[in-house]
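Let's start with one chain on its own, the form predicted alone, as structure tokens.
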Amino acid sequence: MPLHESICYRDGTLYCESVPLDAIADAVGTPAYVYSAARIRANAARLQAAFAPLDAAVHYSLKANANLAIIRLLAALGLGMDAVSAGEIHRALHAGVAAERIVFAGVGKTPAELAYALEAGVGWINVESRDELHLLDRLAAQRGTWPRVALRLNPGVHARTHHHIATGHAGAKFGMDASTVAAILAQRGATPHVRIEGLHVHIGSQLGSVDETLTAVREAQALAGPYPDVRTLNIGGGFPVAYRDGDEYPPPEAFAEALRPHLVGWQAKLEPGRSIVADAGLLLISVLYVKHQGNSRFVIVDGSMTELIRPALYDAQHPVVPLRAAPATGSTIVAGPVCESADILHRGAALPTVNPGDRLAILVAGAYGMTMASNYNQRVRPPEVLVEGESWRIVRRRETWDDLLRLEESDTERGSLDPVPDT
């Protein structure tokens, strides 16, 4: 199972750093997300070291996990932020990130979001269509600004990954094909209030090979070749994470080593997310009931697809382990309480005999867990806990039923049509 020095068993008890996870569960209840600060720092440092020879600027992808404490932790390490909505920009600014260290990406930015990004002064905007470029140019002209822009190239490369997280193939909604990018570069005078200084080639997540990334980089460089002032290349993120024993993926060092000879004379940018926070987080859950049905053993738990939707959405397999180590007694279906057949967290977990009240941990859940959580079935979202050595703190409290009513029962007469709140 993908355990490591920050999340591991000690004398048969599962720990996060120097804190037994049972102690956290006793204090905050379950379900609850728990993150290791040490592991987040180690993952970020590894990426920074791997790409240091390329002098690459690393921007953490907020969509992976946007907890304010994690943003602040990573910003203190020198990372910028990659935002895909005005809400993520607002959150990063609130956490103290300098606007010029924020890259604004996303295939469907609204006029209000682009205006907010311009007024905030974000460092870069990744543009995904000709229409967006012209809209941005008009908005910039109105404000007397000249934003730095990277054009997102869709290189027609089908990355070897799950089809829901492949973004660089011709059938994807992301980016522009090579002919469109070439035409925009040749006609930059048509958008005088944007400074097109780079290209962006993120092709997907959980990349199983460096080859597709190299192909995309070469195509981008060929397009930018005639324009010596277009020398920033944002290769996105997508660095893979092992969710199961036996998963074999190229490490970040392999991507850096393969890219190094191709990026001499270029300013490289990265947008990693999953590879920094995924294996630093876990979801604590408790057993509610155990039953046998057909030929299967079901363990019904208090965690669900509302806390962790990845198994239902991507057929993702997150390891499920007991907080107290014991030999496995067979394959178990770990199911949540939500009224959906898709609410299965693991279809074949190797678990020991468990009883109501026993606690489990779903591992490698630090990315796309809490950020994709919902209130379906009127379930409250769980707390988030950050562990640092022997201490831990709640960095987001558990929601309450009253929280779920508040937006409908307060200020209902004063609603706003502004899609970008608090600006």
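So that there is no doubt, residue numbering starts at 1 and follows the sequence shown. Remember, predicted model here, so these are calculated numbers, not experimental data.
A second form of this protein, the form predicted in complex with a small molecule, is not displayed here; the remarks below concern that form.
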With the partner removed from view, which of 59-67, 391-399, 356-364, 30-38 is the stretch that lies within 4.5 Å of the small molecule in the predicted bound form, judged by heavy atom distances?
59-67
Within 4.5 Å, heavy atoms only: does Gly175 come near the small molecule in the predicted bound form?
no
Does any heavy atom of Glu271 come within 4.5 Å of a heavy atom of the small molecule in the predicted bound form?
yes
Looking in the predicted bound form, any heavy atom of Trp146 within 4.5 Å of the small molecule?
no
Taking the small molecule as it sits in the predicted bound form, is Arg310 in contact with it (heavy atom to heavy atom, 4.5 Å or less)?
yes
Could you spot which one of Tyr249, Tyr227, Tyr314, Phe298 gets a heavy atom to within 4.5 Å of the small molecule in the predicted bound form?
Tyr314
Considering non-hydrogen atoms and a 4.5 Å limit, which listed residue (Asn154, Ser205, Ser304, Thr213) is close to the small molecule in the predicted bound form?
Ser205
